[in-house]
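Only one chain is given next, in C-alpha cells, and it is the form predicted on its own.
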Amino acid sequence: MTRFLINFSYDGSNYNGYQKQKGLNTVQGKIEEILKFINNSKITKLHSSGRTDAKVHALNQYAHVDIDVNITEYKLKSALNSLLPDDIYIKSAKIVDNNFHARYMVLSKEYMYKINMGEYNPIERNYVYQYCKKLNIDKMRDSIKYFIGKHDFTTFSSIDDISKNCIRTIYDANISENGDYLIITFKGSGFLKYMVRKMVGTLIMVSEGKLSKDDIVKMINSKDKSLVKITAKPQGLYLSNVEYKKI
C-alpha cells in the first residue's frame, strides 16, 4: 500500500458540495469512483483537508488516498485526469509517509471571495458574486481587522453546525480591488461551515451602513448565530490554498 497526497482544483458549479453524499453528485464521490477503478475495484477513501459547500470552488484542495496497486506519481495523476470530468483537475500526486494525514496535519487554510461591483455579468454568475453596486471599501477594510486573531466564531457558523469547538484563529484578512472586482481573503487555522460567507455578508452590511465595526466585536462575543443576517452566496467562494508542515 502506498499513500499519495493529491493536489487538485475543481469548479463546484455542478456539485452538491465536496463531501460524498448518497445519491448526490459530489467532488469526493466522483474522484473516489475513479480511484476505485484505478485500484482494481478496491474501495478507496479520499481523506481531504476539509469540505466545501455546494457551488463553492477550489484552486488548491488536498487529500490523501491509499493505493494498493503499483503506480507512479506521474501515472496516478495522468490516469485520474484522463478519467475525471473536465471540471476537476489533478495538479499533482505525491507519495507521502503512511503517517501523513491531509486533514489533521493542516497548518493553515486560505479562502478567497470575489465580488463584482460593476454591471451584472451572466457569464461569471457561477464564479463571482454579482452584487453589482459600489461597496464602501474603506469601511470594510476598517472592519475586517476585527476578525483577525483567536476567537470563538459560533456566531459566524451555520445553524446546523454542531461543532463543539468553534474556536478558530484568523492569521490574516485582506481586501483588494481590481477594477470593478473586490477580492476578500481570509487565512486561518480552519473554518466552520458557512463561516467565510457569513463574515463576508457581515462586511457587506457594514458597507451598507446596517452594521458598524463595533458591532462585529459584539457579534463575536455574543455567540449568537441569529445576529448574522446575510450569508454571502457560495458562487464567489474559493478554497485558494492549504499549507502543511514540510512533507
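All values derive from a computational prediction rather than experimental measurement. When you see a residue number, it is the position in the sequence shown, counting from 1.
What follows is about the form predicted together with a further copy of the same chain, which we do not show.
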Q: Consider residue 64 of the chain shown here, and say whether it contacts a further copy of the same chain in the model of the complex, taking contact as heavy atoms within 4.5 Å.
A: no
(Q) Can you tell me if residue 120 lies within 4.5 angstroms of a further copy of the same chain in the model of the complex, counting non-hydrogen atoms only? (A) yes
Q. Is residue 57 one of the residues lying within 4.5 Å of a further copy of the same chain in the model of the complex, judged by heavy atom distances?
A. yes
(Q) Given that a further copy of the same chain is not shown alongside this chain, does residue 94 nevertheless sit within 4.5 Å of it in the model of the complex, heavy atom to heavy atom? (A) no
Q | Region of this chain that lies against a further copy of the same chain in the model of the complex, out of 100-108, 67-75, 136-144, 122-130 [heavy atom, 4.5 Å] | A | 122-130
Q: May I ask you to list the residues of 74-108 that have any heavy atom within 4.5 angstroms of a further copy of the same chain in the model of the complex, in sequence order?
A: 86, 87, 88, 89, 91
